[in-house]
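In the form predicted alone, a lone chain appears below as structure tokens.
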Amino acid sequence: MPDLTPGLRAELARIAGPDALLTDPADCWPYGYDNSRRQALPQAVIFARDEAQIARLVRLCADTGLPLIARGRGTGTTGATVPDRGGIVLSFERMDRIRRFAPEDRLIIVEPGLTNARLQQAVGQAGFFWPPDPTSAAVCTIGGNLAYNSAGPRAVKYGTPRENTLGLRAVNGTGAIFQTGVLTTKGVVGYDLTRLLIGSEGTLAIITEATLKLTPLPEAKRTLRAAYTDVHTAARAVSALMAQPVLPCALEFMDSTAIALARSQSELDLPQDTGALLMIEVDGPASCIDEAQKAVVEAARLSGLLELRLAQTAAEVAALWQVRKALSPALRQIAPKKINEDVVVPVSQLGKFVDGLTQLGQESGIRIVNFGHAGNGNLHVNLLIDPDDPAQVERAAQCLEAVFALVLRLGGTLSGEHGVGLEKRAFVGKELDPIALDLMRAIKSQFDPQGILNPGKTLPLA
């Protein structure tokens, strides 16, 4: 890693422009972390201003071998924006403009530093929304959403950023500016570089602009909560809900451990013997919403259903979601440094998966809490540990490896929306075969021949 000589520092200042370069360690430290517990000190921080500035910076880094790490607001959980090899952090917090809004074409063109919440507010006033809605939507950026392919609850019906992005502008590892995709919902000219860049965690190119596909806001929505005796009944209900024509726009799951934890922090209006919970939302035209609700209710009514409640008012909607909202504060209070994974299994395997997690928790002595996006089979598996207890940390590491092995045995994948970064890098080779990994490394070399773009992330070290 090259030192920041006076000459190199002066060149960075010229590229950054006025008031856009940080080199004092005290100023740089806040840009060296994300929501994992990893942190490292960058040699400098530059605030992105425009595409030409970014291209100049990439060329300088390629010439000098300085790592370059693009960063939004640091809400990721896998260490993907942590500058563990030093180098330059390129912060997009100031590059947050809406460049074009074309409701007649159902698209919007934005810079990557725009937050998800600001985007939704802007398009919502015209009757549209962008389907990806991560939990961190209030602060996470569109660039970060694209880097991780982060989706949220609505993905069960509306898809992930890959299904809701028409095109990108980006700068590759040589400083060359290029464009991908189209302005239309159909297009098959050339390879699909848009979907390739989405989810690549800034290792192939730095996204400078995104053309997003918008969806009209639904006229009506209904919210239901279904309590079941056990996880297997809830899993059968998920399969039934996903097999009928009316797709829920949200289908969230909590297991018995998650419910018990939420109960410990808040008085919940639930049947006492609830073993699993589904939160179900359905949306669509007002003229069809009653029939859609009826179809969802019919699919959810299985033997083992304890209670099925429908919200009639906004206050009742909030009351039904209280159980899920009580869980996050409970987790923060009990285990503020928990291990949080977001694995995915086929919907048909949810029951087996939660059973296996229960067994792993008993064998390891690690408390495991599971909740998440049941309609996609995407569960957030939380290992509640004390990181200051070395023995517990060791047991948790072994348990986590067993969790990943279970996911793969059931035909799943190691990450649904949190990405790989540094946290899961060592396990990627267990999911991807050697030929696929070689092809991916060749793609990385083609986009970034000097290896300066977020080096060491996503793919296991060769």
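What you see is a predicted model, and the numbers here were worked out from it, not measured in a lab. From 1 onward, residues are counted along the sequence shown.
The form predicted in complex with a further copy of the same chain is left out here; the points below concern that form.
Proximity of Glu394 to a further copy of the same chain in the model of the complex, heavy atoms at 4.5 Å: It does not: once a further copy of the same chain is placed as it appears in the model of the complex, Glu394 has no heavy atom within 4.5 Å of it.
Exercise: Gly416 in contact with a further copy of the same chain in the model of the complex, heavy atom 4.5 Å: Yes - in the model of the complex, heavy atoms of Gly416 and a further copy of the same chain come within 4.5 Å of each other.
Answer with yes or no whether Thr211 is in contact with a further copy of the same chain in the model of the complex, where contact means some heavy atom within 4.5 Å. No - in the model of the complex, heavy atoms of Thr211 and a further copy of the same chain never come within 4.5 Å of each other.
Does Leu204 reach a further copy of the same chain in the model of the complex, with heavy atoms at most 4.5 Å apart? So Leu204 counts as contacting a further copy of the same chain.
Candidate from Cys249, Ala227, Val344, Leu360 lying within 4.5 Å of a further copy of the same chain in the model of the complex - any heavy atom: Filtering the options by heavy-atom distance leaves Val344.
Could you spot which one of Arg222, Lys338, Arg195, Arg73 gets a heavy atom to within 4.5 Å of a further copy of the same chain in the model of the complex? Of the candidates Arg222, Lys338, Arg195, Arg73, Arg195 is the one lying within 4.5 Å of a further copy of the same chain in the model of the complex.
Interface stretch in the model of the complex with a further copy of the same chain - options 253-261, 360-368, 116-124, 147-155, non-hydrogen atom within 4.5 Å: Single hit among the candidates: 147-155.
Report whether all of Pro30, Arg85 and Gln265 sit within 4.5 Å of a further copy of the same chain in the model of the complex, measuring from non-hydrogen atoms. Not a single residue of the candidate spot has a heavy atom within 4.5 Å of a further copy of the same chain in the model of the complex.
Output the sequence-ordered list of residues from 181-202 with at least one heavy atom within 4.5 Å of a further copy of the same chain in the model of the complex. Those in contact are Val182, Leu183, Thr184, Thr185, Lys186, Gly187, Val188, Val189, Gly190, Tyr191, Asp192, Leu193, Arg195, Leu196, Gly199, Ser200.
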